[in-house]
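The chain below stands alone and is given as C-alpha cells, in the form predicted alone.
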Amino acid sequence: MRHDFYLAWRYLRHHRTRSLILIASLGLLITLPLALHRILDAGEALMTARAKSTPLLVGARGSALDLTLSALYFNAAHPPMIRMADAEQVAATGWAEALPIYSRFRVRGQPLVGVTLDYFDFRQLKPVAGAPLAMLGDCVLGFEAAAKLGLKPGDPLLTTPENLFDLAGIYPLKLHVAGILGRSHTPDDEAVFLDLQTAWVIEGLGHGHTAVTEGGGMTPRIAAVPATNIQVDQTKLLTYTEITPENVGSFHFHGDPATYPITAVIAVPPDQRATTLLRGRYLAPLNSVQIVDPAATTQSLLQNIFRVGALFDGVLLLVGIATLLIVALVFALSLRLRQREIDTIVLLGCSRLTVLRLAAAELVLIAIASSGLCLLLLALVRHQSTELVRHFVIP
C-alpha cells in the first residue's frame, strides 16, 4: 500500500496543473456550504446579542426593521426623525429610562452619533485613551473608527457638510477628539460619538457669535455698518466653526429644545411589567411614533436570512453534484489517456487490482489535499467572520 501512495504522489506531482485544479475545485466545493453556515451563525450571534441587549426602541412609525437597523447599527442614510419631546415622554412615564440617539450624519464615511452620557454606561463603553466627553464640540471615537481615521486624542476632526450648496451658511464643525473607546466588537466600534448638543450645532440649531476683525482675530460682536461700505476679505472668511474654551460661552440654541430632532430612543424598562405598560402607550394606529422589540424584529430578519441560506444550500448541492461528475469524467478520461501506461503495468506482472489501487491512492491524496485546503479556508473565514457579517449581512 505504501508503494501505491508513492507512485500516486509521483504521478500527481508530475501533472501539477491538473492536480491543483482538482484539489482547488474539491476544496472550494466543501468549503462553500460550511463557510456560508459559519457566516450565518456569526451573523445570528452578533445580531442577536446586540438586539437582546437593547430592550425597546422608540422611533418614527414605519418599518420596524429599518428602525432597528438604524438605531443599533447606524447604517441608515436618512432615518426618519422624531422629537426630543418623545424621549421626554418615555422618561416621564417612569416606566423606562430614555436614551435618545441622533445618527443622521456621517464623517469621512463613519457614522456620527449624538448620544447622552448615559449611553456609554448602558453599552459599557469606556475610553482606553484620552477622556470621555466633557465639553461642547468634543467627540470620542470607536476603536475601529479611530484606526480608520488615523486619529488620536487631541486631534481635530472636521465634519462633512451635508450639502455643499447650503445657502443657510451652516459651516462644518471642527470637533476635538477627546478619547478613544475600547474595542467592544459591536457597531459602536465604527462610530464617532458626540453629545446631542454638539449634534444639534452641526444641524444648525445652535451657534455662537464670533466675527473676524481687521487684524484677523476673533471678537464676540459684529459692528453694524452701512451695507454700501461692506468689503469682504476672502482670506479672513471662516470656513468652519470651532468651539473652544474661549468661545463656548457664546454658543446657544434657539427655539424649544423639545422640538429638536432625534432619530430613535432606547427605552430601558426595569422589569416586564413596565415593559408591557410602556408598549401599551404606543398601540394607537394614528400615533406618529412606534415602539418595537429589537429582539423580535431581528429574529424575523434572521428567519429570512436562513431561508436564503437554505436556497444557497440547494444551489450548492447541485453545483457539488456537477463538480463531482466533472471530476469523475476527468478521471475516466485520464485512465483512457493512460491506457498504454496501464498496459505496461499489466505486462510487468501487476494485476488489474493494482491499477485500481493506484487510482484509489490518487483519489485519497487529492481528497486529503482538498480537506487541508478546506480547513485553511474555514480557519480564515472563522477569523474574519465578524467583518464578513458587517460587510455582507449587516452592511
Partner chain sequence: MIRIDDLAFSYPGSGFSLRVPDFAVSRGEKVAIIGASGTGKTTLLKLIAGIVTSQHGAIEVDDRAIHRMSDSERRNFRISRIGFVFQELELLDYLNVFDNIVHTYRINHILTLDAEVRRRARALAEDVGLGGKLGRMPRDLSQGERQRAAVCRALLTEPGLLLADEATGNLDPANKLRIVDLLVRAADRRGATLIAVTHDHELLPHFDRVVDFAQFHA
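Numbering follows the first chain given and starts at 1. Note that the structure is predicted; figures quoted are calculated from it, not measured.
This protein has a second form, the form predicted in complex with the partner chain, left out of what is shown; the following refers to that one.
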Check residue 340 for me: does it contact the partner chain in the predicted complex (non-hydrogen atoms, 4.5 angstroms)?
yes
I'd like to know whether residue 370 contacts the partner chain in the predicted complex, with contact meaning heavy atoms within 4.5 angstroms.
no
Looking at the partner-bound form in the predicted complex, is residue 31 within 4.5 Å of the partner chain by any heavy atom?
no
Does at least one non-hydrogen atom of residue 65 fall within 4.5 angstroms of the partner chain in the predicted complex?
no
So which of 341-349, 23-31, 325-333, 52-60 is the stretch with heavy atoms within 4.5 Å of the partner chain in the predicted complex?
341-349
Which pick from 35, 365, 42, 358 sits with a heavy atom within 4.5 Å of the partner chain in the predicted complex?
358
Residues in 11-40 that come within 4.5 Å of the partner chain in the predicted complex by at least one heavy atom, in order, are 11, 14, 15
